[in-house]
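The chain below stands alone, shown as structure tokens; this is the form predicted alone.
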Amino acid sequence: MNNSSDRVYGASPQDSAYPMRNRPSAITSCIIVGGGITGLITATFLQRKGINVTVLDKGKSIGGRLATRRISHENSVAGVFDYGAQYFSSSDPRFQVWVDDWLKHGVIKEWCQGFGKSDGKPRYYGVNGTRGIAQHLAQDLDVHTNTKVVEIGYDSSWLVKTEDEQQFQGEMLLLTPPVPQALDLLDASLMVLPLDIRFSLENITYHRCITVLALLEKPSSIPAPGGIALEDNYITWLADNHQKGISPDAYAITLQASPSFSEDYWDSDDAEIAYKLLSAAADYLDSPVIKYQVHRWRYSLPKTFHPEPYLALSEIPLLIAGDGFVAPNIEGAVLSGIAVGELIGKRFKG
């Protein structure tokens, strides 16, 4: 790939021009790497347009940071934990269309209109956990989990190779993993980006986040509605999944560490991390801990992000999008997926 200046650089999906050389006259197939919310929104959008879409995700379950887990102890009932994204709100009409559809289908509910005091702005949660939103989107899609992409190549169409030696072909390729992982894949595939695009992508950086999932013996003392943001050196967020409504039969608490704690204790053993975070939260837990698990998010919320919804290459049909674009939250990731879907959809003639 040469360093041509003739490219779409974070172009608006309303732009009618898409100056991509060697592209098919009409896109009929697309491979999406990454099964987080951006990839699933784009895939749903394109499939509704009649485009053949394949979603490849390295995780055991679909959803990325739309992550929900069950933890049980001996003969006790299971606790259900949202351990990635905790909730979301909507301010953009384009996202609200999707929110209204999820409400209609019973996929999400309103949790509250503020933590501590009401601001009139609904916060939503997945009825079956945030992963339930991803599962709803993925139910009619061609999704391959446990499928790690290790190499990509382009010669009139894309050839995508996976760790388990599968191969997939498509005319368009969308990368939606955290940007550092997308860059690692491009580097492993010996694909050279124009320097200014490379620089823009390298400027997208992420916080790390250590999360502790604690199953309690009795109800916590976290104030209603069951979520609290803390200005603490150790903890930034506590959530009571029982109060929230996703863990009706057990007292399941999610603790998310601060970026500074996560950096300092990233390589510490789980027991030390749990001891420090559970001790720091003791007044809010107010209960013995029956069982805990520790999860490390290497790429949590973006701390810097690209202001446009995606980056598109001009020489080949490659786009890069995700929560590192627009805004570092679920709404931003969805808007990125919508914008990419609209752009690709314009190249399709059904």
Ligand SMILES: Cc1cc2nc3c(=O)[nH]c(=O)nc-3n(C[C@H](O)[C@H](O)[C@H](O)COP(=O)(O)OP(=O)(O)OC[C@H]3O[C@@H](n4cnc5c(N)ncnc54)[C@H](O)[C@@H]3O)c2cc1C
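Just so you know, these numbers come straight off a predicted model, no measurement behind them. We number the residues from 1 along the sequence you see.
Only in words, not in the display: the form predicted together with the ligand, which the text now covers.
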Task: Partner-facing stretch of 60-68, 308-316, 285-293, 44-52, counted where any non-hydrogen atom is within 4.5 angstroms of the ligand in the predicted complex - done: 60-68
Task: Check all three, Gln86, Cys209 and Ala333, heavy atom within 4.5 Å of the ligand in the predicted complex - done: yes
Task: Heavy atom of Lys148 within 4.5 Å of the ligand in the predicted complex - done: yes
Task: Heavy atom of Gln181 within 4.5 Å of the ligand in the predicted complex - done: yes
- [ ] Spell out, yes or no, whether the shortest heavy atom distance between Val33 and the ligand in the predicted complex is within 4.5 Å.
- [x] yes
TODO: Tell me, yes or no, whether Ile37 is in contact with the ligand in the predicted complex, where a contact means a heavy atom of each within 4.5 Å.
DONE: yes
Task: Contacting member of Gly227, Gly79, Pro177, Gly126, with respect to the ligand in the predicted complex [4.5 Å, heavy atom] - done: Pro177
Open item on the list: With the ligand taken in the predicted complex, which residues across 320-338 come within 4.5 angstroms through any non-hydrogen atom?
Closed with: Gly322, Asp323, Pro328, Asn329, Ile330, Ala333
